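Okay, here we've got a single chain as structure tokens, the form predicted on its own, with questions on binding and movement later.
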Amino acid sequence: MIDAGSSATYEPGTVTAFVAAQFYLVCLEDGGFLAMSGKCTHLGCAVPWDKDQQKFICPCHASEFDISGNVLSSPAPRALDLFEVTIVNKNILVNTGKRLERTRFKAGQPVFPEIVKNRNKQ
């Protein structure tokens, strides 16, 4: 379990690398969080985030992924894998032992802090 700190410290639309744990914590524009694997789904190469181009670009075979992990350019066959995210009292915990393979981004995948959940219900 990786403690990624308070959800309040992350700005919407940002990507933060957790290099040692090999994942990126993404705070989407709507305030939801995704913990995405830093490994390409093609052959497992490390995939860096390119802040200027606003996408993940694999240096091995040029696969590209958007901020939610969807494939923009192959040969990657599917979206970047996710790790389980839990938010307790605004504190983000990432379980790197629970990997979720997925074909693409779906609306139910991001995890929201309580404050955002309550705002969305109004």
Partner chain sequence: MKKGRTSPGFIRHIHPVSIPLKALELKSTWALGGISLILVMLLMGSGALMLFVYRPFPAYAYASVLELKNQYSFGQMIRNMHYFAANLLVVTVFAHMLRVFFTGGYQGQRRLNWIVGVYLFCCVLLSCFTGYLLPWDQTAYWAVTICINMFGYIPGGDILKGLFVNSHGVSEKTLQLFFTLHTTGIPSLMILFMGIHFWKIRKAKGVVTSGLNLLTEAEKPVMVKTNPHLLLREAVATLILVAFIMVLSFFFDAPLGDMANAGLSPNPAKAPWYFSGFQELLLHFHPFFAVFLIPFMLLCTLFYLPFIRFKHRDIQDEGVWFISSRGKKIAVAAVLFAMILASAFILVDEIVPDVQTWLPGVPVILSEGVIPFGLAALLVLLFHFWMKKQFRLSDAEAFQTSAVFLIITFMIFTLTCVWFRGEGMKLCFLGGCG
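None of the values given here were measured: they were computed from a predicted structure. Positions refer to the first chain, counted from 1.
The following text describes the form predicted in complex with its partner chain, which does not appear among the structures shown.
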TODO: Please run the contact check for H61 against its partner chain in the model of the complex: heavy atoms, 4.5 angstroms, yes or no?
DONE: yes
- [ ] Please check if H42 has a heavy atom lying within 4.5 Å of any heavy atom of its partner chain in the model of the complex.
- [x] yes
Open item on the list: At 4.5 Å between heavy atoms, is S74 in contact with its partner chain in the model of the complex?
Closed with: yes
TODO: Report yes if any heavy atom of Q22 sits within 4.5 Å of a heavy atom of its partner chain in the model of the complex; otherwise report no.
DONE: yes
